[in-house]
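In the block that follows, a single chain appears as structure tokens, in the form predicted on its own.
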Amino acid sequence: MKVRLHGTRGSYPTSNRENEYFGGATSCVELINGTERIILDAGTGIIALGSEEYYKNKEFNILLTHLHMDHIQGLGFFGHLFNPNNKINIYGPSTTYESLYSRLNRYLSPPLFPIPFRDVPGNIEIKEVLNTELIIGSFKITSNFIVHPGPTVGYRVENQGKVLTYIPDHEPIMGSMEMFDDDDWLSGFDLAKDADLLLHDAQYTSKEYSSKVGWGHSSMEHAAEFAHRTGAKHLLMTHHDPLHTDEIKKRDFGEFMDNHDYDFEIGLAVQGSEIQL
């Protein structure tokens, strides 16, 4: 299974030269096994996947973690949505109060978007997930609700004996600087258990997080401790703060690594990179 990172920025996209290395597009990850592909989130990173030259198959599976703008902003500019010969399956978290279609339609309709969702010509099917297991081709996917404002799921994807866990917006504990001692009380624990690769929110430094407790995001310390507790083999920190330039990211990460010693690989997610699992 190949993992391609098309969007690693959080909150809103950036186009500054100072952010070029880690990337300015918002959340989007592509998983590939032979000719099979699935897409995790539809931030502005998905726009790069919208050309016929890039994608030759006609069925697309897009799994949304939640509906904050930085995770769906690229959906209306995903070129394959406008080809009536394409089948587009869009998965996302269910709620008890409003359908996923209705919530997506708030964005894909005027005045926020020029074309109403109902007029998009692609053959689109909306599928809601809860704490769900599903099979898409050779991919086995588990979704679980996690701690983040609004209905939000994380995904565990298994393929050929390898496991990717994708939790780009997450606060493993809510309202506390300290992690709970009991693993059962850690949001997302089962999704990340023994993952070969964990892509996890690490938007803040510990100092920044102290004034943002409860916002639904993690510090680098929380992301690393979460990876340690779950037994993940490799952690890539993602959802980079748009105010953090490349220089700031490298500095903060360097200071973090100088002060911590973990027995697994830790790195920062870089837009455009590819990992083979």
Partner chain sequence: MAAHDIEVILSRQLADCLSLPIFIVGPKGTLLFYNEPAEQILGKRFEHTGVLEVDEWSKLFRPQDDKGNTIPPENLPLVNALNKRKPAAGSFWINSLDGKSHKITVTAYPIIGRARKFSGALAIFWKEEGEV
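Not measured: the values here are computed from a predicted model. Numbering follows the first chain given and starts at 1.
From this point on, the text means the form predicted in complex with its partner chain, which you will not see here.
- Residues within 4.5 angstroms of its partner chain in the predicted bound form, judged by any non-hydrogen atom, belong to 94-102 and to none of the other stretches in 94-102, 199-207, 109-117, 71-79.
- Of the listed positions (V147, I90, I141, V163), a single one reaches within 4.5 angstroms of its partner chain by any non-hydrogen atom in the predicted bound form, namely V147.
- Its partner chain in the predicted bound form comes within 4.5 Å of a heavy atom belonging to P151.
- At the 4.5 Å threshold, heavy atoms of D190 reach its partner chain in the predicted bound form.
- In the predicted bound form, none of the heavy atoms of I124 sits within 4.5 Å of a heavy atom of its partner chain.
- In the predicted bound form, its partner chain stays beyond 4.5 Å of every heavy atom belonging to N85.
- Contacts between 108-135 and its partner chain, taken as any heavy atom within 4.5 Å in the predicted bound form, involve L130, N131.
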